[in-house]
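The chain below stands alone, shown as structure tokens; this is the form predicted alone.
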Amino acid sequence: MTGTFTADEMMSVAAARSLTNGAACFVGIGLPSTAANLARRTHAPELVLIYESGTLGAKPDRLPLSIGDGVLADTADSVVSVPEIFNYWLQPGRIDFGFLGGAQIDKFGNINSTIIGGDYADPKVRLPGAGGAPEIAASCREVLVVMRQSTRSFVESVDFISSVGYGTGKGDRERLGLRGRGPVKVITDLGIMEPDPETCELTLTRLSPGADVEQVRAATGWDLAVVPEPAVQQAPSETELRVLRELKATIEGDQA
């Protein structure tokens, strides 16, 4: 019987479950790395982890502290240059899944990780920036977005488009010449949203255990579309929780 779990643990497990065995996944540090390594240790042992630093097929025995962590190069099938990662692997569409997050996301899956408030030259807050995220958003076959949900982060219109989701709606990705399908899932601590097939507007399709539709709507900065009967995600299994907590313990031990 599954024990108690946190909303963040459910989010990590939901992200891991979205990855399929044998797929290639472009991994970032933080929750994406946790989810990808959880998937590799549970249902997807042949998942190929690709980190921006140039490691292909990394098999770390602990969560890396950064994309430059030596454990990635030590366990990788191959190490290549950063330009090769982008020019040969990412841009031609050879990577199945890419993980993204950000400071803001809007109802069409556009992500902001650049500025908050004001204009680009004089913002209220300047954020770290997009890094490789625009290329991931454009070229990975599918994008998974993982973010904690609140009205500050889920907004009607982002202050700056760092990474394109669906632009202003259906057809914009094709018009812009973007290779990948875009954000197929937005996974939060309250549930999962997926793009409507006709409008590309993010729609609540699944709830996290214990969450309800009104709670999700209250944490969303637009009039959230909801499928008629959202499913409730299966709670994490004992194995998923055990492996997830063991992974998190390794990085907490390294930082102690």
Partner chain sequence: MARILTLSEAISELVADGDSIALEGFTHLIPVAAGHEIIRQGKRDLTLCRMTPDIVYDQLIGAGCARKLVFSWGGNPGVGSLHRFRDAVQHSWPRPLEIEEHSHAGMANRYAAGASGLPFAILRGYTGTDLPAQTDSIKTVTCPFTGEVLAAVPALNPDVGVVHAQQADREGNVQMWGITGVQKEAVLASKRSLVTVEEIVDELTPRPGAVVLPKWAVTAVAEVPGGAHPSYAQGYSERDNSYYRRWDALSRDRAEFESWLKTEGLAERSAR
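Computed from a predicted structure; not experimentally measured. Positions refer to the first chain, counted from 1.
Although not depicted, the form predicted together with its partner chain is the subject of the following passage.
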Interface residue in the predicted complex among V164, V146, V155, I95, criterion: non-hydrogen atom within 4.5 angstroms of its partner chain: V164
Sole residue of P230, G68, G57, P209 within 4.5 Å of its partner chain in the predicted complex, by heavy atom: G68
Stretch in contact, per heavy atom within 4.5 angstroms of its partner chain in the predicted complex, of 186 to 194, 200 to 208, 217 to 225, 49 to 57: 49 to 57
F108 within 4.5 Å of its partner chain in the predicted complex, heavy atoms: no
Close approach of W89 to its partner chain in the predicted complex, 4.5 Å, heavy atom: no
4.5 Å heavy atom contact, R126 and its partner chain in the predicted complex: yes
4.5 angstroms heavy atom contact with its partner chain in the predicted complex for G132: yes
